[in-house]
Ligand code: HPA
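Okay, here we've got a single chain as structure tokens, the form predicted alone, with questions on binding and movement later.
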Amino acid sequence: MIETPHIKCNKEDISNIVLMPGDPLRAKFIAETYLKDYNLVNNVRNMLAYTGYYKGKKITVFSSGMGMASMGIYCYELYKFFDVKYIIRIGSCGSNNKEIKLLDTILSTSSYTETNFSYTYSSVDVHEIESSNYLNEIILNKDNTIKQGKTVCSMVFDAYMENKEEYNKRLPKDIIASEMEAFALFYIAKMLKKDAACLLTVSDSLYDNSKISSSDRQNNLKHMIEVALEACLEVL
């Protein structure tokens, strides 16, 4: 049994490949919907994790919580103490590009941040980090219609920013979407010589004020989840 400050389970209870939604209940949904012979392997702080089999492949679905700090904790402990090699984040995002529409699926090829996450972690000032080419190629082979590009990772939920317009003006012009966890995942993966990818579903947009229904959101999230699961089958 391995017990870190945030995870308690046997090393063999965790697969070498992990799907990482932010929401613990989404991890539960994925396990119940897609995995065979699954077990709850972590519930410390109610950060639920399940390990089971998808088409015969052992996969762990482990919730990360929200924000870079939470993602940084869980991906670090999984990579460092549980011999995880690959993590694919699956979450939602906001579109920063007119061509990226509600419910589109996005693959983040790199993550940009204004924050000092890297400086705090390793005393190196880095503001953009690439995801894993190896995982990205596998994912795109499963669905080459997925939009891909640079995303921004923020420490503040954009709806709560005092001056959201000024923030968006500061961003690089090639940002296609906004989220809150990928930079920490990609940076920790690079520091520990592991692989990380990030698939996102667009839930809101700077260019579209319409609301998507809960059923539409769920159905499109299922597309993202299924692409990620199918990609897991190809990982060595």
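Note that residue numbering begins at 1 and tracks the sequence as displayed. Owing to the predicted nature of the structure, the values given are computational and were not obtained by experimental measurement.
Omitted here: the form predicted together with the ligand. The next part is about that form.
This chain appears without its partner; in the predicted complex, the one residue of I176, M180, V41, I30 with a heavy atom within 4.5 Å of the ligand is M180. Here the chain stands by itself, but in the predicted complex one stretch of 197-205, 168-176, 184-192, 50-58, 197-205, has heavy atoms within 4.5 Å of the ligand. Of the heavy atoms in D158, some are within 4.5 Å of the ligand in the predicted complex. Proximity of S92 to the ligand in the predicted complex falls within the 4.5 Å heavy atom cutoff.
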